[in-house]
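Only one chain is shown below, in structure tokens, and it's the form predicted alone.
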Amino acid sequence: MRRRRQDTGAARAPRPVPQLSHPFSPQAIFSDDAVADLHATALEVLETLGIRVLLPEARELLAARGARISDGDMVQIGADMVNEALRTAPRQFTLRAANPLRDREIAPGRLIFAAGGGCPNVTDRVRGRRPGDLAAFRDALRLQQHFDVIHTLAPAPEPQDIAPNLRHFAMTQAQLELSDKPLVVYARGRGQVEQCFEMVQLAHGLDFDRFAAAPRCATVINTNSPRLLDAPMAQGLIDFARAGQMVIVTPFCLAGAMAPVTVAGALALQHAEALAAITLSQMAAPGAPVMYGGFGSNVDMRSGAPAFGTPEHIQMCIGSGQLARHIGLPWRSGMGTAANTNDMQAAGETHMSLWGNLMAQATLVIHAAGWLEGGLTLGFEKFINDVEALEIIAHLCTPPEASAEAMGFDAIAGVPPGGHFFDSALTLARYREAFRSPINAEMANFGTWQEAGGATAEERATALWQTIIAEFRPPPGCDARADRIIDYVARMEAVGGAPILD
């Protein structure tokens, strides 16, 4: 029996992509009482210490609902405001895609993967490490579109060959041209956000009310730990909420640097910042789709560099999951590695962080494929090898069959002691679909592998991503959506686009 490799051709008949649910029960590192104390500590931080909010519009909005303003831009938020925000924040909703078969249900217990995002650089074995450009961004989108286990798009590598005031056009246009999955939009100022929203509406033939009725794009809102919400992020919270688009609130708390050196202290700070951002979102538009988020780890105390896949990273994942369940919201976490290249360290740290996310029951796992150097670089070979791991996890989301036939008594009875099952009736009936076929892993023995050229996993990954990109064809509907925005983009670029908000 020959093992089958995944077809790399991009022309596929539309089919539903399964909504994955976590296959394992969530784990805990804190007692229920400790989780309640962490939540209470976060509320105390917000009410007594406050959070610095740099956007006047956001301060005014929070003050109108009862927050206290001191020292110009410090905002103290009471527990009553937080509780009201948690009451109105939806527990579940659907993130829409251009292809309805790729819609994703956002709810506790679901499992959604997104590729590495936010990377300024890109690397592969053919061209080496280099600054991200539009060509590489478009190639990364082709890889994201190709693999069904990547459920939503991610913004990497960022095309630095496009001016910042025009970059949002190129990135949104590329997503609409190459993919039918849910979109990502940076929150870098009201002008850019509104122009991206207008592009999505035009591409899909929607007026604003229909666009705002269900989220079709998402953004990540990072607080500046400790206890600071800058102007672009605060404005993004308001603008996405009022347009009904998904906000993924994510403090980035590295224990020992931007957060207390203890896991509990870092989680208390993360929780406070996340609650503040969720509160602003719900004050702007009650019921707006929002996700609780945490992407916490520790730093290397010798160098100050971020570390990932560490015990503390895993503990912070699990603790974040407990806090998300305490407040009842879907939540995002992230995979990661500090490795500088696609080596054993990169694989080990990435897989450890993946299992941390699974033990924590993260709803959305960002940076799940391709992430290197703590987010500074997206690697194409790393992307392929990470997808291999994600597909294994996706396979685990379907419980094994437990019918009488599957339990195999007749098969066992039909094979004498010391025999084999290769030609048993059960094997012959099921072998084609019995096991998941790897996309890049090599299962042949050493001699067969050596005779075939002895290609390493990294070399095979290079050949695979090259083939996918060379054979890629956009899914149905992309051409029409792209055509609808050509004139708009040309007009907006002619007048200078929009600046990034400082």
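Numbers follow the displayed sequence, beginning with 1. Remember, predicted model here, so these are calculated numbers, not experimental data.
The form predicted together with a further copy of the same chain is left out here; the points below concern that form.
- Among V82, L354, L178, I238, the residue placing a heavy atom within 4.5 Å of a further copy of the same chain in the model of the complex is L354.
- R227 is the sole member of R227, R188, R142, R332 with a non-hydrogen atom lying within 4.5 angstroms of a further copy of the same chain in the model of the complex.
- In the model of the complex, every residue of the candidate spot (A406, F421 and F446) has a heavy atom lying within 4.5 Å of a further copy of the same chain.
- Residues within 4.5 angstroms of a further copy of the same chain in the model of the complex, judged by any non-hydrogen atom, belong to 303-311 and to none of the other stretches in 162-170, 303-311, 206-214, 283-291.
- Contact check for E451: no non-hydrogen atom falls within 4.5 Å of a further copy of the same chain in the model of the complex.
- a further copy of the same chain is not drawn, but in the model of the complex it has a heavy atom within 4.5 Å of I412.
- Contact check for I469: no non-hydrogen atom falls within 4.5 Å of a further copy of the same chain in the model of the complex.
- Although the partner is absent here, A257 lies within 4.5 Å of a further copy of the same chain in the model of the complex, judged by heavy atoms.
- Along 390-406, residues I392, I393, H395, L396, T398, P399, P400, E401, A402, A406 each place a heavy atom within 4.5 Å of a further copy of the same chain in the model of the complex.
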